[in-house]
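Presented below, as C-alpha cells, is a lone chain in the form predicted alone.
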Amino acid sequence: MSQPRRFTETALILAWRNLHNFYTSPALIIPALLFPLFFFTAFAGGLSNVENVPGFDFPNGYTAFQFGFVLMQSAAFGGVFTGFGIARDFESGFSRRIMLATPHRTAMLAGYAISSFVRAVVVGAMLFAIALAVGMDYSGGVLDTVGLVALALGVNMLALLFASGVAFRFRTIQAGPLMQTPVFMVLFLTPVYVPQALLHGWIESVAAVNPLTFVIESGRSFIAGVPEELLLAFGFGAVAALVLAIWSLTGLRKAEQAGG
C-alpha cells in the first residue's frame, strides 16, 4: 500500500471512529448541541434590550450580534472537545495501537481535524437554522456566508491545535481544564455582550489587543453584509495556525517518544 494512501486511510478511519462515538453517545452529543443553544438563548433572548442602548450600532439587531459570537464559540469548543477525545484515546490505549499501525503519525492529527470540522459544521448549521427561525436579520450574501463559515472553521482548527497539543503532552482526560479554560477566557475577553465602542475599564483595554476580537467583529460584519477587518482576522488566523501547528506536532512527537 502506498504511503499517501495509508496516510489517507488512517486519517479517515480515525475521523469515522470519532464521529461515530460522538453521534452515538448521548453524553457527548447532547452537551455539544445544547451548550451553544443555551448560550445563544441566554444572551440573545435574555439581553435583547441591549440593542436599545445608545451607541449600539450593529445594524442587524442583538440576535444577529450574539449569533456572531456564539457561532465562533461553538466552533472553538468543538475543537476543544475533540481534544478531549484525543486524551480519551490515549487513556484507552487506542492511540498506541494507531501509532504502531502507521508510520505517519500526523495522520492521527488529520483524522481528528476532519472529525472536528464535521462537528463544527453540524452544530453551526443547527445554530444558523435556529437563529433564522427566531427572527435573526441576516444580510450576508453567498460570499459573506462562505467567509463566515471559513472564519468559524478557522477558529475550530485553532482550538483543536491548541487542545491537541495539550492532549498529546499529558495523554489524560484530567488535562481537560488545561484545554478548555484558556480558550474560554480568550473568547470572553472579546466584545461579547456589546460592541467594542461600548466597553469600559480594563475589559476595553484587553479586548482592544485581543486578536480574537478581530475575528468576532469580522464574523459579525459578514452577517451584516459589509465585511470588515478581514485582513486582521484572517492574518491572525494564519499566524496563529502556524504557531499552534508547531505546538501540536511537537506534542505529538512527545507522545511518540513516550510510547503513546
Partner chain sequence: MNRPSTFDQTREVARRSVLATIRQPAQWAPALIFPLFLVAVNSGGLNAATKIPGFPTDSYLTFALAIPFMQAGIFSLLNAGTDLARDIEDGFLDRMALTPISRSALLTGELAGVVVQGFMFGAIFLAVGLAAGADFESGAVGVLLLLALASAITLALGCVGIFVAARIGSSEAVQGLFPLFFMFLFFSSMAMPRPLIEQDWFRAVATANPISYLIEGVRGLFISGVDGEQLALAFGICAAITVIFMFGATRALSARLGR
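Positions refer to the first chain, counted from 1. These numbers were taken from a predicted model, which means no experiment stands behind them.
The same protein has a further form, the form predicted together with the partner chain, not shown here; the description that follows concerns it.
Q: Contact with the partner chain in the model of the complex for F234, defined as at least one heavy atom pair within 4.5 Å: yes or no?
A: No, no contact at 4.5 Å.
Q: Does at least one non-hydrogen atom of F84 fall within 4.5 angstroms of the partner chain in the model of the complex?
A: Although the partner chain is absent here, F84 would stay clear of it in the model of the complex, with no heavy atoms inside 4.5 Å.
Q: Is I29 close enough to the partner chain in the model of the complex to count, meaning some heavy atom within 4.5 Å?
A: Close contact is absent here: in the model of the complex, I29 is far from the partner chain, nothing within 4.5 Å, heavy atoms only.
Q: Using a 4.5 Å heavy atom cut-off, state whether F39 contacts the partner chain in the model of the complex.
A: So F39 counts as contacting the partner chain.
Q: From the list L212, A64, V70, L199, which entry has a heavy atom within 4.5 Å of the partner chain in the model of the complex?
A: Contact residue from the list: L199.
Q: Could you check which residue among M185, V142, A125, A133 gets a heavy atom within 4.5 Å of the partner chain in the model of the complex?
A: The residue in contact is M185.
Q: Is any part of 30-59 within 4.5 angstroms of the partner chain in the model of the complex by a non-hydrogen atom, and which residues would that be?
A: Residues within 4.5 Å: F35, F38, F39, T41, A42, F43, A44, G45, G46, L47, S48, N49, V50, E51, N52, V53, P54.
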